[in-house]
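A lone chain, given as structure tokens: the form predicted on its own.
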């Protein structure tokens, strides 16, 4: 049996403010320095947060993912998101309330429901991508943010084109942009005029969403549409009651937060990697052009999510009572954090981990505890299948028209936007027009 250790694992000795600054501005170098110095478990101490123990041993991650729900509370670890997603969000709930809410939402992401949404996703994507410039450097990340916002508003919220969609898009975009700033993560900075404007826009947006929910409930066939809201309107609690308007609003906002910036950033990383690995791009283009399956496309997405997980760690679990993981006895009030980035870049798991090689996943599926871009256990991201479907559709749409190439003199690091890591230079890429399928010019 491993020896039980009473103290927390070692970590940086610098003040909390210094560690917080490093975590915000240089997350990846911080994680890698800590692993090099302290090993596969280390403790960070950030402002306004309990001690955070980062774990990158898959065996310990399995222990965390399979721990009893009353012992580890991921919802408590995500409380900073409550002003945006609301108190009923499945992200913030624990134990029985979490399980109950998750059951209500799961049917919306089953295979048949995803198939029904494919046509709408393709239509929205084709329209957005068709307006992108080619043959010159273009910042893809903001364009992908616009695209994923449109997808969420149409396919999840069920909004039809019109003034209400335009108003909600504008207000949500501003609030999400504010939420990406450092102050949004620190409760003691959530004050003053910017925060008051944030709350005003949130309340105005909520009024429009409640209006939408009332209208959809009044429609004779309002629950038969293909969007996610229709599924949530049809969901019933164990006592047979429908979700309240506030519950519906909170889960719609949860899906926005979970599926907008994350998917946009992951797609930006995909194009950034493809632009710099032409051999991978050529093989992917050949598969797309042939129409013969999507095995390499799927492997490319799996490798992108391994190499550049936009959320570098799974949901923090707050210990509600003492618990032993990996031979350490952790006291109550500590956050245990499975570190996806470090697991994904462990040479013992992935040889040559900094290389971009989709072939890793052609003959072997991603491991449950060695590939965790969507978290794991009972808290695995509900929208994982939706995100993968959306990313496949976007990559096909773009690569059918253009081949990504790197912009001159630009390298791409990462920057933190709230809980996500996105391309620091916005994934500036040249989309070179493809000339395939052109008919020969007659003499």
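Please read all numbers here as calculations on a predicted model, not as lab measurements. Residue numbers count along the first chain shown, from 1.
Below, we turn to the form predicted in complex with protoporphyrin IX containing FE (HEM), even though it does not appear here.
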Query - Residue contact check: residue 254 to protoporphyrin IX containing FE (HEM) in the predicted bound form, 4.5 Å heavy atom - result: yes
Requested in this report: Verify the contact flag for residue 339: yes if a non-hydrogen atom of it lies within 4.5 Å of a non-hydrogen atom of protoporphyrin IX containing FE (HEM) in the predicted bound form, no if not.
Outcome: no
Report task. Answer with yes or no whether residue 380 is in contact with protoporphyrin IX containing FE (HEM) in the predicted bound form, where contact means some heavy atom within 4.5 Å. Result -> yes
Requested in this report: Answer with yes or no whether residue 263 is in contact with protoporphyrin IX containing FE (HEM) in the predicted bound form, where contact means some heavy atom within 4.5 Å.
Outcome: yes
Query raised in the report: Tell me which of 362 to 370, 255 to 263, 346 to 354, 129 to 137 has residues with heavy atoms within 4.5 angstroms of protoporphyrin IX containing FE (HEM) in the predicted bound form?
Result: 255 to 263
Report task. Answer with one of 402, 418, 30, 391: the residue that has a non-hydrogen atom within 4.5 Å of protoporphyrin IX containing FE (HEM) in the predicted bound form. Result -> 391
Query raised in the report: Considering 229, 310, 270, 144, which brings a non-hydrogen atom within 4.5 Å of protoporphyrin IX containing FE (HEM) in the predicted bound form?
Result: 310
Report task. Spell it out for me: taking protoporphyrin IX containing FE (HEM) in the predicted bound form, does every residue among 23, 54 and 331 have a heavy atom no farther than 4.5 Å from it? Result -> no
Query raised in the report: Are there residues in 311 to 333 with a heavy atom within 4.5 Å of protoporphyrin IX containing FE (HEM) in the predicted bound form, and which are they, in order?
Result: 311, 314, 315, 317
